[in-house]
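Take a look at this single chain in structure tokens; it is the form predicted alone.
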């Protein structure tokens, strides 16, 4: 089996941790490094969570680099209400593991990994694109070493946490624009798709019944995921946090748990689970109400050529096969 060489860039909250559970078990992937970025929670927490999860999964061989603490041009935005103040509500590691954390910053580490690789590398970006945009801006010579960038984010008619924008774009839309127009094959797993990549209570029960450490971890954080699971002693809100309105909270009570980041990982493992199409895409960075909105020209309004269509948009997923892949990956840890 030929393996795809991959770097993961993440802001490890709950669905990132589940994505790592999926990715780190798969023989299809050769993961040569992981970088962290501020997003779901601050970069100190996303880095600690990433190191601890990799150690817990028995993957101390993967080196990790701490990335950017804020977006390129704006203040940070966090989603502690969704993931918990630590980023991993529902789970506490006995101690913090840092042996796999390198001294280089994420951009330098990414640059080194790409230059040292004897083949092109895919970047799996499941957080805001700050690290990747800064890499491309400061080290354009590495572009040819990037096979593709696969990103969790974008939407064309709905949003979360706003009515139009997805979190990973909203946090750093300037970074998204740099990546989208870098001339590198760019694939996005949009909210319209990930909203269908749900796990049912019955499937969570299947995780619990495996009765292994990794399955227990996955089930515990899934059961703690989302704004409806905020604990009474958690302090959520204030400056730098996404808004949690009463209407949003009410709607969330009706929703199943969505595996946004694992779905994006699944595309790199098995693209046959998805349908896709290429479109022209840009992002709003100046709007008073629409910042972070990704304009995806699905109706070909701008009549762009194939070369100008800069986004491969994943449009559907085989949910049953995706969940089967996820459950199989959890079983692989024994």
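Bear in mind the structure is a predicted one, so any value in this text is a computation, not a measurement. Positions refer to the first chain, counted from 1.
FYI, the form predicted together with a small molecule isn't displayed, but the following is about it.
- Although the partner is absent from this view, residue 152 contacts the small molecule in the predicted complex, with a non-hydrogen atom inside 4.5 angstroms.
- Using a 4.5 Å cutoff between non-hydrogen atoms, residue 80 does not count as a contact of the small molecule in the predicted complex.
- Heavy atoms of residue 131 never reach within 4.5 Å of the small molecule in the predicted complex, leaving it off the interface.
- Residue contact with the small molecule in the predicted complex: residue 126 places a heavy atom within 4.5 Å of it.
- The single contact residue among 186, 109, 167, 91, judged by any heavy atom lying within 4.5 Å of the small molecule in the predicted complex, is 167.
- In short, of 258 to 266, 207 to 215, 133 to 141, 109 to 117 it is 258 to 266 that has heavy atoms within 4.5 Å of the small molecule in the predicted complex.
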